[in-house]
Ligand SMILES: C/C=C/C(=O)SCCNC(=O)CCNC(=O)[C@H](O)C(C)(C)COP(=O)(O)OP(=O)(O)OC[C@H]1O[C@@H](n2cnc3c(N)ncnc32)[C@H](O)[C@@H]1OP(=O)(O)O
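Only one chain is included here, represented as C-alpha cells and corresponding to the form predicted on its own.
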C-alpha cells in the first residue's frame, strides 16, 4: 500500500468508509521536517537573514503508532503559519525542546521526541484510522483540524481547555504535523470540512481563524460587540484578514492598518472603509532603538478619530508587539481593551503605564482557541459568513519557499500547500453554496 493508493481512494466517488477502514497503511510518507542536528545552522545571523529554504526538508518518515483518542489523517492540503516560520529558523528557540518535554509526559508521548520534527498546524483531509475510544469520527470522513493539543487530566483545563497545563500547539510543540501526506492528531482536533471549499481553501483558515475568533469575539478575549471600533494591525494579513471579517460580520467598525496601497485595497474589498496605510503616512513610533515617540502616538490617534467620526477605538487587535504596542495602549479609548496574541516584531513590549492605569484600560493575553471556539470559528466558515483568505498555493516540495515568503512578508492573507492533492480546486462538494460565495472565496487570489 502506498500513499498513491490512498489518494486514488479519496478521489474515487465509490469509496466507502469500509474501504478506508480496510485499506492497509503505508509504512512511510513524505513530510516537511526540521532536523535536530541543524538547530545551530543560523547561529549569529539576524532573524531577517535566516532562510527557511535551507532548514526545511522533504523527508520520508515512518507512519507513527496510533494511540487511544487519536486519528491518522490523509492530508490533502495544509498551510504555512508564522509558527512554521519560527520552527524553520529555530526562533525564539528550537522546537526540539518542546518535543523533549512532551516525550516525558507518558509512554505514548515518547513517540514525539525524535531527531526530526514534522511541522505544520493546519490540515484538510480524510480520516484513515481512529484509535480506541474514538466514536465521533470514522475512516473516510472529510475533516479539517484545529491545532489545540491537550491532555485534560488536570482540572485546570476543564472551564477553558487553553488553560490545561499540558496545552500545546500541534505541529509546533508536538510532532507529526500537517505539512505532510499523513498527520497524527487527537480526535478532538477534528472538525467537519466545509463542503463548498476546496482542500487548500479549507486547510487555510484553521489556526488564524480560530485565533482571531478567540482574540476578538470570544468572552475569553475582547468580547467584541456591535458598534465597537476595532483597530486591526496587519489587517490584510493571515490573522488580521479574519479579524477584519469578524468585525464587519459582528457589526463593529474595523480600523485597518496596512503597509501598502495593495493591502489597503484588499481591506476595502472585504468591506472596510477606515484604512490607514502606515507606510504612506510614515508613522515612526520609535525615535531610535531605545526611545518611542509619543508625538507619533498622538498623530496616529488623531488619524483614527478622523476615520471614526471623532471616536477612539474600543479594542486594539494586537500582534506586531514591540514596534506598535506603545501606540496601541495610547490610542485605546478610556476603559478599552488591548488584546494581544503574538509579538512578531519583538517580545519585549514597552508602553507608558499612565495611559493604561489612569484610563482604566485592559491588556488581555490571548493564545489560539479552545475546542469550542475553534468549532464556532469553523462553523462560520462552513456557513459562508467568514471566508478563506488564501492568496497563493505551493507544492509540498516548495514549502521552504512558502515559509520564506511568509518570513519576508511577501504574501497576502494565507498561503496554502498541496500535500496529497495533485492540483488546486479539488474537494468541493457543495457547488451551489460555492457559487454564492465564489467572489469572496477568491478575493485574495485576485490581487
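Please read all numbers here as calculations on a predicted model, not as lab measurements. Residue numbers count along the first chain shown, from 1.
Although not depicted, the form predicted together with this ligand is the subject of the following passage.
K.L.:
Label the site open or blocked after overlaying this ligand from its pose in the model of the complex onto the shown form by the C-alphas around the site (blocked when 3+ ligand atoms sit within 2.4 Å of backbone or C-beta).
P.N.:
Open: no clashes with backbone or C-beta.
K.L.:
Would you say all of 196, 422 and 444 touch this ligand in the model of the complex, counting a heavy atom within 4.5 Å as a touch?
P.N.:
Zero of three within 4.5 Å in the model of the complex.
K.L.:
Considering 227, 261, 92, 335, which brings a non-hydrogen atom within 4.5 Å of this ligand in the model of the complex?
P.N.:
Result of the distance check: 92.
K.L.:
May I ask you to choose, among 298, 362, 101, 138, the residue with a heavy atom within 4.5 Å of this ligand in the model of the complex?
P.N.:
Exactly one residue meets the criterion: 101.
K.L.:
Report yes if any heavy atom of residue 123 sits within 4.5 Å of a heavy atom of this ligand in the model of the complex; otherwise report no.
P.N.:
The answer is no: residue 123 has no heavy atom within 4.5 Å of this ligand.
K.L.:
Does residue 188 reach this ligand in the model of the complex, with heavy atoms at most 4.5 Å apart?
P.N.:
Contact with this ligand, no.
K.L.:
Give a yes/no on whether residue 83 approaches this ligand to within 4.5 Å in the model of the complex, heavy atoms considered.
P.N.:
Because a heavy atom of residue 83 falls inside 4.5 Å of this ligand in the model of the complex, the answer is yes.
K.L.:
With the partner left out here, check for me: in the model of the complex, does some heavy atom of residue 176 sit within 4.5 Å of this ligand?
P.N.:
No.
K.L.:
Within 4.5 Å, heavy atoms only, one stretch in 303 to 311, 362 to 370, 106 to 114, 246 to 254 touches this ligand in the model of the complex. Which?
P.N.:
Answer to the contact question: 362 to 370.
K.L.:
Going through 162 to 186, which residues have a heavy atom within 4.5 Å of this ligand in the model of the complex? Please give them in sequence order.
P.N.:
Residues within 4.5 Å: 169, 172.
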